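A single chain comes next, written as structure tokens; it is the form predicted on its own.
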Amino acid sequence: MAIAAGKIGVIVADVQGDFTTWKKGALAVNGTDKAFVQKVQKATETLSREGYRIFATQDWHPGDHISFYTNHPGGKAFEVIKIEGRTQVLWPPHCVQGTKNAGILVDNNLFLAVVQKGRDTRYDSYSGFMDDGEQKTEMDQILKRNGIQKIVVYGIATDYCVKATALDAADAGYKVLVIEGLCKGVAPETSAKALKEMKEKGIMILKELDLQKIKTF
């Protein structure tokens, strides 16, 4: 088991206060109440006990970040605009560096590493691997350094950071599995579309935590 577990890494995506209804977050995703966070915590503890290496992503924005509608005169929350040819959703300010609700709600002692993203004022960053300007994070290097070949992804949100992280992981050559029951999405339609897109990319979707399937995928 130790040998198999050593090749599989787990990425817990953006389980932060600002994305949860539990903490009355600025960008709370439906269904992210205390029970959901506790479910993620319990699953992460289980995977850690089984010997899997656990990593996390953390949205970590400067206050003048390009994705905040408040930094665009006349901009409105959830408006979609174009910036230098890129599509940009204007979000309420969230996960601002150093603020309480930018903190990760899962026990940080479980993580071998936390990869922060969205630190560059100029670019949004849904993926744990790179931002919209294609600037890479240290995620791929960390995974390779730990001998990771397969990745389990879950967290918030299905249709944004989970999807982007899973797709970029697949593009980077990792075999990827997403646990749908440990994710919550911004909207049902975009979440369904995201799951379909991931499946088409060859990513395995599990409804709930299944240790046997994870061990053998």
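Heads up: residue numbers just count along the shown sequence, starting at 1. In this text, all values refer to a predicted model and were calculated from it rather than measured experimentally.
FYI, the form predicted together with a small molecule isn't displayed, but the following is about it.
Chemist: Only one of these stretches, 86-94, 104-112, 69-77, 137-145, has heavy atoms within 4.5 Å of the small molecule in the predicted complex; which one is it?
Modeler: Going by heavy atoms within 4.5 Å, the stretch is 86-94.
Chemist: Given that the small molecule is left out here, which of A28, I151, C161, V40 has a heavy atom within 4.5 Å of it in the predicted complex?
Modeler: That would be C161.
Chemist: Test of understanding: in the predicted complex, would D14 fall inside 4.5 Å of the small molecule by heavy atoms?
Modeler: Contact check for D14: yes, within 4.5 Å of the small molecule in the predicted complex.
Chemist: Can any non-hydrogen atom of F129 be found within 4.5 angstroms of the small molecule in the predicted complex?
Modeler: F129: no, not in contact with the small molecule in the predicted complex.
Chemist: Are any of the heavy atoms in I156 no more than 4.5 Å from a heavy atom of the small molecule in the predicted complex?
Modeler: Yes - in the predicted complex, heavy atoms of I156 and the small molecule come within 4.5 Å of each other.
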